[in-house]
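Just one chain is shown here, as structure tokens, and it is the form predicted on its own.
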């Protein structure tokens, strides 16, 4: 639903954004102020003295639970970079709509960091709302060029210009089915390894009621905006939104396996093995069902495990759980979407009053020792280095660096995966979940999302949100029995006409160049 709103919001602010750019353009003159700072002033002050003056910067970032301005990382970055930065954050919900309003208002943020949304990014870039960072990075960004690979930077270029700096993903697999292993033990069942075994387990959860919930028992719960269930889509050969079918990338809705996936999941729902209320479940609702002991399984991200564990243990001290590994489907296929590409993007709006200094600041945060301090703090205080691994010192690490990734504008792509191990270990239960999906899972089940590092493609960027929304809403209706597969061909025709055909041609023209 958020994506539908975001699409509507994009359309709504288009004129506002366009009109604001005229105002923003006046800031371009100010943006070039640094060029005059190198000239002597009227008092004869040497150019270098004027250039050393650092303006205060304004940064807008994603939501976090604590005030950016008072969190310890803010003070560290000010000390290391010499820039005072005042921070604002986007709301937790509907952040895209708020960002659209801010961008259209011309509010002079110098640095903006959002979750990776290529549609938003490309839309802003196409409307002229972002500063081309290419010449600024060439002049002021040696650490940026050293820390971030050319491949990453090239993937964000639009018409040869770079408008954002990426934070790359640091792990492959996000989510799976989290299952109550104490329920399995109570019923004498083994961890399921196939979709058939999963069905049998969920049926036993329902009929034998290991949780003691009677008719309130829920075998598997999910959020209402989750039509494509991680692990299960992989079992039907569709782990990613677009998958290789006979050498062509095909979206799930048009994949030959889509019918089989719908038949399986709709049957779970029909049998009462999938939460009957899932359509109206919010994220918190589904988690509450699991942590209260009503549900025996849930599909969640590994990063959510710490909070889930705390809540579940509080309610049911003896409860145990684990992620279900890659399930094999009827054809023997299995796997998870393997992350590739970017987690977040940082850009400099045209409304910025200090674009050169924004890039200088980002460059300073990527100085190797400063970035290491940003990521994991100080050795002996917040982390140790033992047997080739970075380990957090608790609780100091959680007190001072738990939220530090939200301050990153880019990452040291070579070293951050090593630092990440300390970040992942900040909660032992959470690390165990991360470890099972990312370290212990064989690589063959981490099926890379080919489009993760694809270059900017106008048709795909323009149509993707609408196509995802169409496919998601339709899939939920099919699973919940509000529609049938009898109308699939007609819906697929609408889907193609809504932009899929144009997107598919563009995507596969590019795919042909990289899959040889």
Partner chain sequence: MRSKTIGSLCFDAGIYLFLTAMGLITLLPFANVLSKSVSEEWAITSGKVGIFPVGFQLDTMKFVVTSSQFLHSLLISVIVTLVGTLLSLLITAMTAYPLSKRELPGSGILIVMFIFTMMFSGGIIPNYLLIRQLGLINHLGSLILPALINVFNMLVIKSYFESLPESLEESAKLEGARNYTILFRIILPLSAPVLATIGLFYAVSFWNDYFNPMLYINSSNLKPLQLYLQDIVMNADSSSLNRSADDLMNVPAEGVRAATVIASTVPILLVYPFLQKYFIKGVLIGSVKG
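Here the structure is a predicted model, which means the values were calculated and not measured. Numbering follows the first chain given and starts at 1.
Just so you know, the form predicted in complex with its partner chain exists too; it's not on screen, but the next bit is about it.
Enquirer: By the heavy atom within 4.5 Å rule, which residue out of 440, 92, 150, 331 makes contact with its partner chain in the predicted complex?
Expert: Checking each option against its partner chain in the predicted complex, the one that comes within 4.5 Å is 92.
Enquirer: Which residue, 78, 105, 181, 216, is the contact with its partner chain in the predicted complex, using a 4.5 Å heavy atom cutoff?
Expert: Answer to the contact question: 105.
Enquirer: When the contact criterion is heavy atoms within 4.5 Å, does residue 226 count as touching its partner chain in the predicted complex?
Expert: Close contact exists here: in the predicted complex, residue 226 approaches its partner chain to within 4.5 Å, heavy atoms only.
Enquirer: Spell out, yes or no, whether the shortest heavy atom distance between residue 194 and its partner chain in the predicted complex is within 4.5 Å.
Expert: Taking the distances in the predicted complex, the answer for residue 194 is no, it never comes within 4.5 Å of its partner chain.
Enquirer: Just to confirm, residue 109 within 4.5 Å of its partner chain in the predicted complex by heavy atoms?
Expert: Contact check for residue 109: yes, within 4.5 Å of its partner chain in the predicted complex.
Enquirer: With a cut-off of 4.5 Å between heavy atoms, is residue 314 one of the residues that contacts its partner chain in the predicted complex?
Expert: Answer yes; at least one heavy atom of residue 314 falls within 4.5 Å of its partner chain in the predicted complex.
Enquirer: Pick the stretch from 252 to 260, 199 to 207, 386 to 394, 109 to 117 whose residues have a heavy atom within 4.5 Å of its partner chain in the predicted complex.
Expert: Careful reading of the contacts points to 109 to 117.
Enquirer: Is it the case in the predicted complex that 271, 321 and 445 each bring at least one heavy atom within 4.5 Å of its partner chain?
Expert: Zero of three within 4.5 Å in the predicted complex.
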